[in-house]
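One chain follows as structure tokens, the form predicted on its own.
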Amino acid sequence: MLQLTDSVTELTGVGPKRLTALGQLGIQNISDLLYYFPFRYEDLKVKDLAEAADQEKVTLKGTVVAEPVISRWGPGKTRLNVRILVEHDVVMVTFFNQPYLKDKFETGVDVAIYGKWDAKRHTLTGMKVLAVQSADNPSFAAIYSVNKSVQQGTLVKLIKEAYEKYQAVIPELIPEALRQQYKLVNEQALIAGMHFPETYPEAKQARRTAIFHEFFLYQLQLQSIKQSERHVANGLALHYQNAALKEFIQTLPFELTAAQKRVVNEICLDLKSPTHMNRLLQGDVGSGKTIVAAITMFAAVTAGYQAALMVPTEILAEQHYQKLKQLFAPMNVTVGLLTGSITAKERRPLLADIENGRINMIVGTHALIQNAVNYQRLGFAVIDEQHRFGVNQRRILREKGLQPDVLAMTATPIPRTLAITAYGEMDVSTIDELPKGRVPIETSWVRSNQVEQALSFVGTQLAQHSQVFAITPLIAESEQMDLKNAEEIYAKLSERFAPDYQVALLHGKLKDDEKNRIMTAFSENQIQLLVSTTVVEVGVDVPNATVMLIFDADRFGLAQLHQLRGRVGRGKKQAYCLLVADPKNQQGIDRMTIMTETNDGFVVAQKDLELRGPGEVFGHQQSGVPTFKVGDPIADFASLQVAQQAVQKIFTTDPDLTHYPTLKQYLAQQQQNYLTLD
């Protein structure tokens, strides 16, 4: 019985050698081949000479008026010239390094040739000889990505043979109701229209369906993961004390924003539910994610469970520990701090208190997941700056407890596009407003010849007892790149501002102890001017820091610039971000312009995505952002969103896919593929 999982060796002329060559294109079976879509089409419709534009690729039809002539002009290089009569003009057609085409031309016979038209010389550089256009010949040619071992013609022949042989067993993956609702073609027409379109509207309709098809199947897999996550064994229902939670919120010295209240409710609803929480909390720098984490951690404690907060650096852990200890002092909650630098003497009683449940909340780095750490009743785990932890680290933390609910937090706002693709298996909560009273950071773009003015401004701020960050892309001088480096800037700023002010240098090559010492001294205002690389991108709160000075700012991505800018403006003083840059291309200019126009991290993230693409923003391997073959999650966002909503509706009404056996079979096959890959 024919199946799309059959090897391509079932096709004519595919032996071990060609199978290897096709495998390099990602083609192993018939399904791979049929869904190996072209990246563009060539318009093969015959054009009138009067309509042909200079350097345009066109198809000309004419009569051969003279025998073709082959000349050689170098080792292995040939030129084939043939004259054809097009309308009333004689056109010289030249083919390079294709002497075998000579037999295609016979005097007095009509031919159709596709090539590039040179209007000035009245010549055509031929690319291919076509069958003379008739009602039976298509006017479009599909162009595929190929390699040295697989030519276009070979691939087209194999696709045609596969389609003719297997079209009857192509499954309908998109349910008929959805096809009708969104005016999509069926699976056979999709494949035929993508590979062999006869008209532009047919190719367009097939592509539209292919984009939805690709997004639909991707979302199907994501939502399937989400569904299995929800029904993970031993899911916890944390019945927290609502009265105690309200009492705690009333002790806060500020009122929660509407967005904070909304996400607290979303998270608490998940905590109370017996299904497993896998939620992402995103919010701009300074939007108040930490207090949301604190409230929901307290909810878990009132339900009789322990809560853990895992952060990427010891400085951040210390900061969160001090904040939580202060917040919960009146609430009879014990907070513990566990990091790698804690001495063995301190560690033993701390681990004992975690294991016997005397500590309710544990804040720490990856030390929280070490083998020696045993929790009595871990029910809720919060992971801050989650992209800095690997999948395995997050999994180990979950396995440390009773399959605790997990809340991941990120201060890198995620555009809706990436929320649907990279984090589609997670529920997403968004804090989309800043606390009242926060003063927007003033951002200025400074050219290199204006640095002196910028440094004068830095001096003014230091004189007003404020602190300053100075950021550079490199640690030391580089022969490869003409960029400012931290050592050079440190020397210059020390010469200018010391000894009146303490100037320090911080970079990634320093030992952790030294980095911690410098950052602690800066946070305590023992250091007034900190020269650093991007190691401070995620760092401590320094409310007294009012200036972020970034050298060679055009070398950073927008999201990174926004994160750096977020290191200042955390106190009551007006804060400033000065971007020193002489961009050499339009993208660099665009980045500087966007940064000066908006403080909104979600706008910045969307612009970053548009400028650089999802792979560059997150990194494919790290984030799981897929590389789609046909669809573009940015340009085709509407289709992506509709596909997600359609899949969510299917799982809501039929979580076991009882009425969708084809989709169930598809998911089972995909799961089998993953197991095979592992």
Ligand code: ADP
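So that there is no doubt, residue numbering starts at 1 and follows the sequence shown. As the structure is a prediction and not an experimental result, all values here were calculated from the model.
Although it is not shown, the form predicted in complex with ligand ADP is what the next lines describe.
Colleague: Counting only heavy atoms and a 4.5 Å cut-off, does ligand ADP in the model of the complex sit next to every one of L256, I291 and P543?
Modeller: Looking in the model of the complex, the three residues L256, I291 and P543 all sit within 4.5 Å of ligand ADP (heavy atoms).
Colleague: So, in the model of the complex, is G286 in contact with ligand ADP at a 4.5 angstroms heavy atom limit?
Modeller: Yes, G286 lies within 4.5 Å of ligand ADP in the model of the complex.
Colleague: Looking at the partner-bound form in the model of the complex, is K323 within 4.5 Å of ligand ADP by any heavy atom?
Modeller: Heavy-atom contact with ligand ADP at 4.5 Å: present for K323.
Colleague: May I ask you to check whether G357 falls inside a 4.5 Å heavy atom distance of ligand ADP in the model of the complex?
Modeller: No, G357 is distant from the partner.
Colleague: State yes or no: in the model of the complex, is some non-hydrogen atom of R565 no more than 4.5 angstroms from a non-hydrogen atom of ligand ADP?
Modeller: It does not: once ligand ADP is placed as it appears in the model of the complex, R565 has no heavy atom within 4.5 Å of it.
Colleague: Just one of H507, K607, H276, R570 has a heavy atom within 4.5 Å of ligand ADP in the model of the complex. Which one?
Modeller: Checking each option against ligand ADP in the model of the complex, the one that comes within 4.5 Å is R570.
Colleague: Since exactly one of R496, R262, R438, R179 fits, which has a heavy atom within 4.5 Å of ligand ADP in the model of the complex?
Modeller: It is R438 that has a heavy atom within 4.5 Å of the partner.
Colleague: Quick one: which of 277-285, 88-96, 597-605, 496-504 gets within 4.5 Å of ligand ADP in the model of the complex, going by heavy atoms?
Modeller: Going by heavy atoms within 4.5 Å, the stretch is 277-285.
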